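Single chain ahead, by itself, as structure tokens, in the form predicted alone.
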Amino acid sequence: MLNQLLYIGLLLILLHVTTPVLYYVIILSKAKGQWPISPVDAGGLPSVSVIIPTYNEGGIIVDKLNNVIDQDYPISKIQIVISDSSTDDTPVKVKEWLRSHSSVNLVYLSSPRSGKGRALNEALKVANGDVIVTTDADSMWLRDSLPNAVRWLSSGEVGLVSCIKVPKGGGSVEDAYRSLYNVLRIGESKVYSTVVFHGELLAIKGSLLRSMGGFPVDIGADDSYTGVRVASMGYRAIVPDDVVCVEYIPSAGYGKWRVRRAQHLVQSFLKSARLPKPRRYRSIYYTEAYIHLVNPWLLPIGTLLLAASGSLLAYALIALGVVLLVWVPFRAWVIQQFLLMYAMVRNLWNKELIWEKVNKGM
């Protein structure tokens, strides 16, 4: 019996480690390859509506607005729609900024706080751009992020574009996690489409989004679910390596922030599982779903079985795992496994559709 516990535990740990490693190696090779599609320089630039949902962003909203209009994109082609539920001085800051930028087409909407998805859909009612771009107030674009995203969307194959993220703050664990994460997003996009998309910049063809009825309101991952839905409709939904955003990491409340992100990602996988998947997308989607929803549980179950076996080999392997935690990529991976498991459990009673604001240093 004890030997059986040892063997089963070893098998579970082996599966937990080898499946994502093998997948990462495969996707890494794809990430280093050429794009099967190319961004297009269209004859006429499309109009763009940039939707910014806000809640108590008085300290950063001016920087965000400046960041949008500083893009290498004609300001005459940009409409900004702010969907605001703030109780601080955000409305005042917006009005002050608009007085000194009277040429900017800005629509300000005020509504009770009822979740990001509903805020985006309210803004979508007045957004008139050919391209709809959503962005978080507490993130920043590089100067060419918007024009590069629009160029990719000009391809007939591409329906949605998101960004790779460069973290500012969070330390070595966040840097290691994001480095691995960006490789997967780019490599999957080169194969067909990826599965995780980002609120820092999400650009989608307006006609496509409107035909879908807007963003989901019953889950927190409006960005990722919308991307998977676009990919499931036969369009590429991609994260190109030349669309880059700066993601500011909170110093206080970092743990809660990561749990909430994990909760929303789990919600996206569970909701999008029912969508039809094009053949080229199935291996990507279902492998990622397995890695996020099933694989994390193999680590603690396998470890407990090893410990219960009483084997010296089992104890040595557990000790080795503890020692390996000093290696930052391994520590980042283990932390993410426990975040995903906790997120799945927490979703049973609280989906965090309306969450406590976490301030980020910018």
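Predicted model, so just to flag it, every value in this text is computed and none were measured. Residue numbers here begin at 1 and follow the sequence given.
Same protein, other form: the form predicted in complex with a small molecule, not shown, and the subject of what follows.
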Of the candidate stretches 319 to 327, 24 to 32, 54 to 62, 296 to 304, the one with residues having heavy atoms within 4.5 Å of the small molecule in the model of the complex is 54 to 62
Answer key, the small molecule contact in the model of the complex at 4.5 Å (heavy atoms) among Y181, W97, W257, Y108: the residue is W257
The small molecule in the model of the complex has a heavy atom of only one listed residue within 4.5 Å, and of G206, P216, G187, G199 that residue is G199
- Using heavy atoms and a 4.5 Å limit, would one call S172 a contact residue for the small molecule in the model of the complex? no
Interface membership of K271, the small molecule in the model of the complex, 4.5 Å heavy atom rule
no
**Study point:** Heavy atom of A221 within 4.5 Å of the small molecule in the model of the complex
**Key:** yes
- Message: Check D84 for me: does it contact the small molecule in the model of the complex (non-hydrogen atoms, 4.5 angstroms)?
- Response: yes
Fill in: Non-hydrogen atom within 4.5 angstroms of the small molecule in the model of the complex for each of S103, A127 and D130
no
